[in-house]
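Next up is one chain by itself, shown in structure tokens, the form predicted alone.
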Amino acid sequence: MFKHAIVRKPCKNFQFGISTSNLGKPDYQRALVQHSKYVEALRKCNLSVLELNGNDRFPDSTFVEDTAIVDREFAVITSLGAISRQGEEIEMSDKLKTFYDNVESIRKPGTLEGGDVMKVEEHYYIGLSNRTNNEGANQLKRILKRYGYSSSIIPLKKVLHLKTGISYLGDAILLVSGEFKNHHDFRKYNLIEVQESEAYATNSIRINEYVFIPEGYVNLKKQILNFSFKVIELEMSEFEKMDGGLSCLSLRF
């Protein structure tokens, strides 16, 4: 059960962040509204939400998930792979020290972003991407081992981050799209295959009794409801324009 979440409001320079989506510039006011609905949904799941102010120095800083890995007993401050984002993790480190006695760090030349890290029960999957390198992944593996967790490294072919194309909903259920549909590492799980036309919605998240999914993905919603989950749909259009998904907007622990 998650009890806490940390989020950061989109900053005024949000539109100048990194994006490959070709969906146009985000509408800042609309992004603020969508973000506030997201926070509302977190509170509906009985989470205590720490909401940080937007930081104009870092256009992508609303995507707080990339700055840390959070678990029950420890947090790991990441080493961001995108040069324009390096420094976002500093304030997050300070905030997490108020929640955790054990705060670890990934050290350069290692790079690691939270979007490349997926926990499935007592095992962690770490994606090797343009943002997470071998050194960063192996540092995380060593940290996880100290805390009793196993881990494995998954080289990525097309997606930006591991969790762009795969999400864990609990109860041995994974949402998968693209390169993960026939991936040998995930065959042992109960897979919900996401249609290519709905691939963006693969980045959905389970929070306590609910699954958050982006609004407007009818087929995936139907599949998730078949598993008797309660669903909260959230409008994510402005974050999709900036390559961001539902998991990216919070740290949950």
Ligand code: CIR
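Remember, predicted model here, so these are calculated numbers, not experimental data. We number the residues from 1 along the sequence you see.
A second form of this protein, the form predicted in complex with the ligand, is not displayed here; the remarks below concern that form.
Q: So if I measure heavy atom distances to the ligand in the model of the complex, which of the stretches 65 to 73, 223 to 231, 188 to 196, 40 to 48 falls within 4.5 Å?
A: Looking at the partner contacts, the answer comes out as 65 to 73.
Q: Can you tell me whether Cys248 touches the ligand? I mean in the model of the complex, with a 4.5 angstroms heavy atom cut-off.
A: Yes.
Q: Can Leu156 be called a contact residue for the ligand in the model of the complex at 4.5 Å between heavy atoms?
A: Flag for Leu156 set to no.
Q: May I ask you to check whether Met242 falls inside a 4.5 Å heavy atom distance of the ligand in the model of the complex?
A: Yes, contact at 4.5 Å.
Q: Please run the contact check for Ile77 against the ligand in the model of the complex: heavy atoms, 4.5 angstroms, yes or no?
A: Contact check for Ile77: no, nothing within 4.5 Å of the ligand in the model of the complex.
Q: If you look in the model of the complex, which residues in 118 to 133 sit within 4.5 Å of the ligand (heavy atoms)?
A: Just Arg131.
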